[in-house]
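Shown next as structure tokens: one chain only, the form predicted alone.
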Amino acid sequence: MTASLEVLAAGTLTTVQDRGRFGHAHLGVPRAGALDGPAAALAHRLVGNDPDAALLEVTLGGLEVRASEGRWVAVTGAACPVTVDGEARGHDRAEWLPPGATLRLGAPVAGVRSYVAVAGGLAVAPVLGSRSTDTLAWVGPPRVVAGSVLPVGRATGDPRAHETPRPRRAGPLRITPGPRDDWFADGAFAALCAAAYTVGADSNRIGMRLDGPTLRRTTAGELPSEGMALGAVQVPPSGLPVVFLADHPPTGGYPVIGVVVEDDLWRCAQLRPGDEVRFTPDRPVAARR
């Protein structure tokens, strides 16, 4: 295997991701995986990859990579300027990266995370069955930095020159009541869905922290640690919700008032600090607490 990408610049945070590391929560190992799953899947389809292949998740642009061999590449997710040796290239489409050429991603004009797939996928060594890096315990491939050389697998599929991205749902994040919504004052779930929150500056791949109205608890004390699901909206003593994302801890001791529908979680990957967040019940729950 001789094909590789040499990383010349890695931007704010660049990691290798695939669909995630499943079946190890009982060992305390997070799921990880691409935060914007639909964008990652589109990138793989465009270059003819298997959906389980690994690619790069790039936070706020700034990535520069040089190819040792010519390969098809695709950039999806957060819309950003894409160039090959300084010449503009397209977004959400397959582009040819000649041998020795440099692919660069500028700062996104919208969103946060972009995805770079290369035909053949990134062939870094898997850890516990996945090539994803989790940023909680740093299980998996190390963080991508300038000077990293990433092996690329053998291309087996045919690229698609262009594919219209599938429509994505807009509006509030859909949420179902959580297993501990009875720990909160009457009407707390409805209040959560009626309020406007903003994304906190300390949000990351572990969780999206929200600023806004606090949620009042009525049950004193704390829970014994229990399993946490992807999308769980946990409420710590501050009363401010946290939406657990792909690198969330497998257990937690704060009550969960609701769970964001998995099909809406990709949107959390693209929300910037200061962006407004609203919730809506996934189904009528007017009679619930």
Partner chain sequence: MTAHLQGHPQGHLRVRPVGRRGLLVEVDDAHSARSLAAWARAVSVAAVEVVPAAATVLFDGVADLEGLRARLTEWSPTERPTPGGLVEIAVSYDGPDLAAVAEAWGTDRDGVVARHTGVEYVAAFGGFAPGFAYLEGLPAELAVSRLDSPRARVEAGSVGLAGTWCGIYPRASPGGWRILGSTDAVLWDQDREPPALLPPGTRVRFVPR
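Numbering follows the first chain given and starts at 1. These figures come from a predicted structure and were not determined experimentally.
Just so it is clear, the following notes concern the form predicted in complex with the partner chain, a form of the same protein that is not shown.
Looking at residue 176, you'd find a heavy atom of it within 4.5 angstroms of the partner chain in the predicted bound form. The closest non-hydrogen atom of residue 207 lies beyond 4.5 Å of the partner chain in the predicted bound form.
The partner chain is not drawn, but in the predicted bound form it has a heavy atom within 4.5 Å of residue 24. With a 4.5 Å cutoff on heavy atoms, residue 139 counts as touching the partner chain in the predicted bound form. A single residue from the set 221, 237, 51, 227 has any heavy atom within 4.5 angstroms of the partner chain in the predicted bound form; that residue is 227.
Of the residues 180, 217, 104, 71, just one reaches the partner chain in the predicted bound form with a heavy atom at 4.5 Å or closer; this is 180. Heavy atoms within 4.5 Å of the partner chain in the predicted bound form belong, among the stretches 88 to 96, 105 to 113, 152 to 160, 181 to 189, to residues of 181 to 189. Looking at 28 to 61, the residues that come within 4.5 Å of the partner chain in the predicted bound form, counting any heavy atom, are 28, 29, 31.
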